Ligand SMILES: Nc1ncnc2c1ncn2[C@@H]1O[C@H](COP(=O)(O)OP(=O)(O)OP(=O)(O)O)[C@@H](O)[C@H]1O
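First comes one chain, alone, set out as structure tokens in the form predicted on its own.
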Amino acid sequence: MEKSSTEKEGKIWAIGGGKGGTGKTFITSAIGTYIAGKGKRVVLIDVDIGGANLHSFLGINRPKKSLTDFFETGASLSKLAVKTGIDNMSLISGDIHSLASDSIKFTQKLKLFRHIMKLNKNYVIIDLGGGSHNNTIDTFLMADKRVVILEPEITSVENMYHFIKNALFRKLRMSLREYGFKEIVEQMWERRQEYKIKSLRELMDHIRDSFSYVGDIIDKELSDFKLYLILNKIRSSDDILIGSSMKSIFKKYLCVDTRFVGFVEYDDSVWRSIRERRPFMLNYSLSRSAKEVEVFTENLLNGKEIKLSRS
């Protein structure tokens, strides 16, 4: 009984990161395949605004049913889930029309979130699209476990920081709105030069100093905002250090608790598995990259970080 309770708490995972092309879809498919292989019931949900292609990483055809049917005809999510050919794992596909930035009303989005939460699965793993649109950020925020994928390159780092900053700011605004304090955080941020505020952390510190009762709310929201970081496509041992650096940056400038759960090396087998229409974790199960996926997935399941050996 205790084990199933733990699973329920961490049932919904969102895989994000801001920038397209970092490997979120590959990581989503690999994590899902590994967990399903452990006998857990998994559903993957593809909500990539740029065009849903999670099915390609699973070696199946594009599903005829998608989230468009949920929004336009009221079809239940469970009826939209298709078999993936992998035991214990199904897929709910999105498409470019169903999740375009101006196509979903706020009430529709909340309805989708409610239905996601009711899915009768051990794990619901959501593949987010690139960018920092409110739909993407809100889906990221509704998850029990927020996983971010980072490539060891400057544009990926910059986009990741921008994405997390926007997500945290939106979370603070939405939380403070419930208490009637939304204007405080918005006005202070708009006048940040006047207050000599250079970062989101300094904004939060300034609010704490000025309104202690609001500071208590911020502290509560921050305690619930944890990140799990995965490095993808690394090519050297130096690249791995970027994971530790990002953890420190998030803590220093955003006051966000981040766990660096692991990495996976650049591997041509990933695109080969797509061409061969076979899931990577099945087709190349003995590869070094597959073992790295197993390591960080176990860390995600158990809330642990990667252990880095120091030479």
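The first residue of the shown sequence is 1; numbering continues from there. What you are looking at is a predicted structure, and each value in this text was computed from that prediction instead of being measured.
The next section is about a form of this same protein that is not shown, the form predicted together with the named molecule.
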Original post:
Does every residue of Pro152, Gly262 and Glu298 put a non-hydrogen atom within 4.5 angstroms of the named molecule in the model of the complex?
Top reply: no
Original post:
Considering the named molecule in the model of the complex, which of Asn232, Asn88, Asn122, Asn135 comes within 4.5 Å of it through any heavy atom?
Top reply: Asn232
Subject >> Of Ile242, Ile35, Val270, Leu254, the one that lies within 4.5 Å of the named molecule in the model of the complex (heavy atoms) >> reply: Val270
Original post:
Does Asn53 reach the named molecule in the model of the complex if we count a contact as any heavy atom within 4.5 Å?
Top reply: yes
**OP:** State yes or no: in the model of the complex, is some non-hydrogen atom of Lys19 no more than 4.5 angstroms from a non-hydrogen atom of the named molecule?
**Re:** yes
**OP:** Although the named molecule is absent from this view, report whether Asp69 comes within 4.5 Å of it in the model of the complex, heavy atoms only.
**Re:** no
Original post:
Is Ile274 close enough to the named molecule in the model of the complex to count, meaning some heavy atom within 4.5 Å?
Top reply: yes
Original post:
Of these, 243-251, 36-44, 61-69, 262-270, which stretch puts a heavy atom within 4.5 angstroms of the named molecule in the model of the complex?
Top reply: 262-270
**OP:** Taking the named molecule as it sits in the model of the complex, which residues of 11-48 have a non-hydrogen atom within 4.5 Å of it? Please list them.
**Re:** Lys19, Gly20, Gly21, Thr22, Gly23, Lys24, Thr25, Phe26, Asp48
